[in-house]
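Quick heads-up: it's one chain on its own, the form predicted on its own, in structure tokens.
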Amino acid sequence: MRSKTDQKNVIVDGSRIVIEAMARAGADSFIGYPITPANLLYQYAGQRFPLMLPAPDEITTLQWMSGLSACGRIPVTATSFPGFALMIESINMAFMMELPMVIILVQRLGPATGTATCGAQGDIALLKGMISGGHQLPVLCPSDFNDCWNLSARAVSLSAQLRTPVVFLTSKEEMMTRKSFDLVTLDDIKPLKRSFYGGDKPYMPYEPGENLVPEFLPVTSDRWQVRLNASTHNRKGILQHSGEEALANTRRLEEKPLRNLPDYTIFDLDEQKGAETLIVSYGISAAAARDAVAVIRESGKKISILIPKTILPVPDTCYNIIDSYKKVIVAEENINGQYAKVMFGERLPDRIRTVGETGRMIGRDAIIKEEAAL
């Protein structure tokens, strides 16, 4: 057991932890337009990142990020739904061009502008369908401050490894609430070491490489032409209507995050032998779910809990865990069971139950009540 002299307790919020982790991991640019409840991320990034550019709006933010990414940087931004909605077209562009970047999405109560100072978990369905064609971006979601640290670093490295935008999904309470935290519990973060194309043949920007990921070369190269294209294109990046090679490239974009999913499947699983019921929760609601499980176990019942941290694409491993239980409760801070429906469709199986809330965080008692009713 560590003594008090081994501790380094500070009062801190999740925003500072996320920004520090991403900076240490190798993200080198922050572009942003301030919006509540992502303002602290914007503020801290201005203090910590080598380059910080305040954009005039969210559309410009993603365009500038795309330009920086094309030049070999790893840019980051932070926003909430109203700003994210304006970014979607440019995120599709970056997805098609295969540009590494990280978008921190701090969820707040909707619809529309909703309530800027009230948290929520209402953007999962949006993220599932935001890319035209139904393709998926990697979405990572922290459930505590240690996740804010480790997953932030992973989001940065993943964006470069897969040549793709990555969404870091969080919520108002996780980013703005300050609490006592022991910094000694944080792991060391090694900065990303990027490698660029160094071959002797002309560069093919969309030539599939290992695990369907093309090698990257910044547009600043003084040796080879670098052609990036947001429209349907072939391996050279040349515009094509619907040629065989161009459509094969589009199919690769569908397969790329799925082929590599085992490498970024992250979750916590606390299984109790003999349990027939599983609680599934994520993000800010995971704390209430953990508390509920502790109370239920104290009553003598057996129960397990799964905290997914790779939210999208949904990993097969998580499906396999869920399928091994007779009864499943999915707890999330929305009133329409978005993550449950992402996993199982609009008509949920009878064994899948949901606990939701709007305008306030889920309490452990709501989860306990639902478990007792099974």
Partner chain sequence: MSNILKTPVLPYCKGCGHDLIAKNTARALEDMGLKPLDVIVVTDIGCHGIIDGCLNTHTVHGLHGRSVALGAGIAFGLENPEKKIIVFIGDGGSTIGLQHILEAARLNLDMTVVVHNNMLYGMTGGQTSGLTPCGFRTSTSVSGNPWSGYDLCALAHTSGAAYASRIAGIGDISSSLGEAFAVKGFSLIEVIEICPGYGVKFNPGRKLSEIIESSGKLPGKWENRREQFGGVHGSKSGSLFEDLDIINSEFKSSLEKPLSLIISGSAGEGVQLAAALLSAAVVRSGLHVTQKGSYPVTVGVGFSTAELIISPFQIGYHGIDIPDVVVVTSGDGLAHCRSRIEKMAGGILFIDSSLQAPGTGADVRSYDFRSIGARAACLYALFRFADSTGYISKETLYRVISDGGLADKIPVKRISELIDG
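Predicted model, so just to flag it, every value in this text is computed and none were measured. Numbering follows the first chain given and starts at 1.
This next part talks about the form predicted in complex with the partner chain, which is not shown.
- Annotated contacts: A120, K193 and D263 are all free of the partner chain in the predicted bound form [non-hydrogen atom within 4.5 angstroms].
- In the predicted bound form, Q338 stays away from the partner chain, with no heavy atom inside 4.5 Å.
- In the predicted bound form, no heavy atom of E207 sits within 4.5 Å of the partner chain.
- Among residues of the shown chain, N229 is one whose heavy atoms approach the partner chain to within 4.5 Å in the predicted bound form.
- Among residues of the shown chain, D291 is one whose heavy atoms approach the partner chain to within 4.5 Å in the predicted bound form.
- Contact with the partner chain in the predicted bound form, defined as a heavy atom within 4.5 Å, holds for exactly one of A248, L258, L269, L239, namely L239.
- Looking at 338 to 346, 307 to 315, 41 to 49, 321 to 329, the stretch with residues near the partner chain in the predicted bound form, meaning non-hydrogen atoms within 4.5 angstroms, turns out to be 41 to 49.
- Contacts with the partner chain in the predicted bound form, taken as any heavy atom within 4.5 Å, map within 197 to 233 to V219, T220, S221, D222, R223, W224, Q225, V226, R227, L228, N229, A230, S231.
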